[in-house]
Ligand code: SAH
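Listed next as structure tokens is one chain, alone, in the form predicted alone.
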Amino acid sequence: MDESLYKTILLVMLFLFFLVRSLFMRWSGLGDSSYVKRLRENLLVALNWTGMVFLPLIYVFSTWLDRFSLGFPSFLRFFGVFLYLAALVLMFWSHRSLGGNWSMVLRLHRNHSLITSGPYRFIRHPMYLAFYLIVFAQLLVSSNWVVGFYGVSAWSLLYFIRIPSEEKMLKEKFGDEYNKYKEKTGRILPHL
């Protein structure tokens, strides 16, 4: 198939990502009571925006990255579309469940509560799972190792640096309630 079809599909997927994300952006930054490591968080977010948005847009609007094609077959690239849509559903569900507790950076709001409903009944970090699915889906749809490698690497870096700090912060805030919740749920995959 023509590469322009996949570029168009990826552009539509990015639009849907921004649509879902923008519905919940208004809660970000309201009444924060603690904000962990501002510089580190800003750098991690910038690296991920580069991998999840900037490089995919370079792939869509130019031919600069075309030489890094992996040549995936169409069925695998369309599986990436399905994966991306599933990730958007999980992202929307996670955002909706978090409500005003959500923030793009690591912080607790004044009236922060421990959310254990929605996807949080099964896993502690469903939004992170959604983002892993998104960067992997972008790899499949673009069939481009620069887009894929950078996206997966940047997201993994954020995940492995942020998760210990986030879980420590939640444990300090919610104590035994968080410990009990942690025993019943997996980090990004449910306990079997």
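None of these values were measured; they are calculated from a predicted model. Heads up: residue numbers just count along the shown sequence, starting at 1.
This protein has a second form, the form predicted in complex with the named molecule, left out of what is shown; the following refers to that one.
Does each of 7, 10 and 54 have at least one heavy atom within 4.5 Å of the named molecule in the predicted complex?
Contact check failed for every one of 7, 10 and 54.
Within 4.5 Å of the named molecule in the predicted complex, counting heavy atoms only, one of 123-131, 62-70, 143-151, 44-52 shows up; tell me which.
This holds for exactly one stretch, 123-131.
Since only the chain is shown here, I'm wondering whether residue 181 would be in contact with the named molecule in the predicted complex (any heavy atom pair within 4.5 Å).
Yes, residue 181 is a contact residue.
If we define contact as a non-hydrogen atom of the residue within 4.5 angstroms of the partner, is residue 96 a contact of the named molecule in the predicted complex?
Residue 96 lies outside the contact set for the named molecule.
With heavy atoms only and a cut-off of 4.5 Å, decide whether residue 107 touches the named molecule in the predicted complex.
Looking in the predicted complex, residue contacts with the named molecule include residue 107, since a heavy atom lies within 4.5 Å.
In the predicted complex, residue 114 touching the named molecule (heavy atom, 4.5 Å)
Contact check for residue 114: yes, within 4.5 Å of the named molecule in the predicted complex.
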